[in-house]
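As structure tokens, one chain now follows by itself in the form predicted on its own.
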């Protein structure tokens, strides 16, 4: 049985932030069975994660500009139904609030009828230029987290 929430969420914490993107399965992404090869799901998930981070002002470039990298530590995918060539799917990304210096995101890929095709999650850690693990959020992210706690975050 697939979990509907990969991350425990206390009601006392701010609600997850969400962004959707749409992608169409391309010919080069399918396998001999005519379905999307499992390794390409990561690029669908990445598109949603990038769109969410950019819409919040905490995208890859924002971290990079402040000397921080955010490598993926974990990626888990539950393949529920195959994705087919030429079909367009919605990929929803949700970022979960964490006091720890890590980005916890889950993802849902839906077909045009809203049926859940795939569920996934990723965890990203923060490292500095010397590749040392950061245990606290960088200064530039603190206004974002304050606004999230206050419920005033704007998603672009």
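Quantities reported herein were computed from a predicted structural model and do not represent experimental measurements. Numbering follows the first chain given and starts at 1.
The protein also exists as the form predicted together with a further copy of the same chain; that form is not presented, and the subsequent description refers to it.
I'd like to know if residue 38 sits close to a further copy of the same chain in the predicted complex, meaning any non-hydrogen atom pair within 4.5 angstroms. Within the cut-off, so yes.
Please run the contact check for residue 23 against a further copy of the same chain in the predicted complex: heavy atoms, 4.5 angstroms, yes or no? Taking the distances in the predicted complex, the answer for residue 23 is yes, it comes within 4.5 Å of a further copy of the same chain.
With the partner left out of view, is residue 60 within 4.5 angstroms of a further copy of the same chain in the predicted complex by any non-hydrogen atom? Answer yes; at least one heavy atom of residue 60 falls within 4.5 Å of a further copy of the same chain in the predicted complex.
Is there any non-hydrogen atom of residue 121 lying within 4.5 Å of a further copy of the same chain in the predicted complex? Result yes; residue 121 sits at the interface with a further copy of the same chain in the predicted complex.
Triplet 27, 30 and 80 all within 4.5 Å of a further copy of the same chain in the predicted complex via a heavy atom: All three within 4.5 Å in the predicted complex.
Heavy atom within 4.5 Å of a further copy of the same chain in the predicted complex: which residues of 60 to 76 meet that condition, in order? Sequence-ordered list: 60, 61, 69, 70, 71, 72, 73, 74, 75, 76.
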